[in-house]
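There is one chain below, alone, in structure tokens, taken in the form predicted on its own.
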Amino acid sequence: MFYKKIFIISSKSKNRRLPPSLPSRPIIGHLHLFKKPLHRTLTNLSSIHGPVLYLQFGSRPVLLVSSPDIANEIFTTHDITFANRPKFPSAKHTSNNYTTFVSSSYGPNWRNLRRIATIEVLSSHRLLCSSDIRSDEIRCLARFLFGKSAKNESFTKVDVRLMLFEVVLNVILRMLAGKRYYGENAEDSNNAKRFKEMVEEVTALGGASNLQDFLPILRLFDFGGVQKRAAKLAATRIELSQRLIEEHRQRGSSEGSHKKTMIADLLELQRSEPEVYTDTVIRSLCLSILQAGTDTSANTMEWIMSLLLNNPQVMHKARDEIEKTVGLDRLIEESDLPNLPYLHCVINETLRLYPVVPLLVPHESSKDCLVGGYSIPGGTMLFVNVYAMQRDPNIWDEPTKFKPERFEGGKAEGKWMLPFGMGRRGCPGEGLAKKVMGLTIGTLVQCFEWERVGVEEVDMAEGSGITMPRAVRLEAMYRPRPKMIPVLQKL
């Protein structure tokens, strides 16, 4: 059956003007090029062979795009055609048979989830209602760091990756369920550990990095126990998310509107429209927000701190802006963020160099179409290499250099960036992510002095994974800024 499928694909392709390709090998196609990190491998291929390539990953045809013009065409003219998701066998269990918000292909189920996410969960109004949660969590972080430090005497080492992951997970869980699992008044250290492991495991299994997804014969042997791990993880995800729902049901609405959470809001809607707001839908949305919002935001902030440690002049400039705008008698607040343009430049430049998902979440074409004059068969998986485009020397001056000033005063206007995707499948959590990142990084820069652990620059090697983590987790030295100690003492 597998060979028959390959033969049919090859036969249909003979009379089409497919994009340029490379010599492939029998059965595996171009999988011998599958080196990690994948985004760098594919960037190198595009730099040699062109910005539009047609590859074969085992049984799956793949369109690799590293051209802003072609990507723009895909996400505008052909947006619906490429609105599907490839069904990776490794993700079947963790995606509840491909019905979650991220994994679901274009259709009634996805449209319903998208509507609920954008209107009921992540709209500007909803985010405004939850701003106190984010502010409180960032203040808890500042209080924790201040209490752990040796005050103003010497620098203290901190695991930056762990610190950022915990604060983001607390923010998301409090918005979803009103619970915090780390730091002061943490409710359940065992569940905290399970949530953390769950997020990390889904990231490790996700994306397009499992050979079993491309070579069906490997599924018979389940090398690495991928299917077994995925099934166990799926059960854990359902158990933990359903427990949060049941806890809300038991509490009811007796706590008052000031303690409303996303789950409480969705359960209230469930009472009037039970066929729309099912437990399955609520679980799917909660898990999607928890997974996508936690790992991506923590990763990006870890890259920001790494870049600031290697470029102290940028950190000083951002701190000066905060002092000028906010002053020294209070902490930065979410309402201050629109008045801190340089801080946004720092975030944007980091997203340019280290995009949230360097190849975006893979898309798949639902039918044959013409893209850039090339014939693209239905069922073709799409990789959009934003990592390559955002480092393209034809678009960006000194593309590998960290230079936030390139975004000042609209200088980068018209230059193509797509760290959160585009079109129907663009990330609806972009607004939340930028608020969390701006407030967290702003507070860390405002309140503390930061130094590298050693004299050498921070290693900026990229690890493997759909969200491009650092190869080595970041540790740094910090101490409270003398000017901010009176404010920190009042927290």
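Computed from a prediction, not measured in an experiment: that's the story for all the values here. All residue numbers are counted from 1 along the displayed sequence.
Just so it is clear, the following notes concern the form predicted together with protoporphyrin IX containing FE, a form of the same protein that is not shown.
Visitor: Going by a heavy atom distance of 4.5 Å, is residue 297 a contact of protoporphyrin IX containing FE in the model of the complex?
Guide: Looking in the model of the complex, residue contacts with protoporphyrin IX containing FE include residue 297, since a heavy atom lies within 4.5 Å.
Visitor: Residue 60 versus protoporphyrin IX containing FE, in the model of the complex: is there a non-hydrogen atom within 4.5 Å?
Guide: Taking the distances in the model of the complex, the answer for residue 60 is no, it never comes within 4.5 Å of protoporphyrin IX containing FE.
Visitor: Going by a heavy atom distance of 4.5 Å, is residue 427 a contact of protoporphyrin IX containing FE in the model of the complex?
Guide: Flag for residue 427 set to yes.
Visitor: For residue 458, is any heavy atom within 4.5 Å of protoporphyrin IX containing FE in the model of the complex, or not?
Guide: Residue 458: no, not in contact with protoporphyrin IX containing FE in the model of the complex.
Visitor: Could you tell me which one of 230, 71, 263, 102 places a heavy atom within 4.5 Å of protoporphyrin IX containing FE in the model of the complex?
Guide: Partner contact (heavy atom, 4.5 Å) among the options: 102.
Visitor: Can you pick the one in 214, 383, 303, 420 that has a heavy atom within 4.5 Å of protoporphyrin IX containing FE in the model of the complex?
Guide: The option sitting close enough to the partner is 420.
Visitor: Can you say which of 90-98, 270-278, 133-141, 106-114 gets within 4.5 Å of protoporphyrin IX containing FE in the model of the complex, counting heavy atoms only?
Guide: Going by heavy atoms within 4.5 Å, the stretch is 106-114.
Visitor: Quick one: name the residues from 337-358 with any non-hydrogen atom within 4.5 angstroms of protoporphyrin IX containing FE in the model of the complex.
Guide: Stretch hits, in order: 351, 356, 357.
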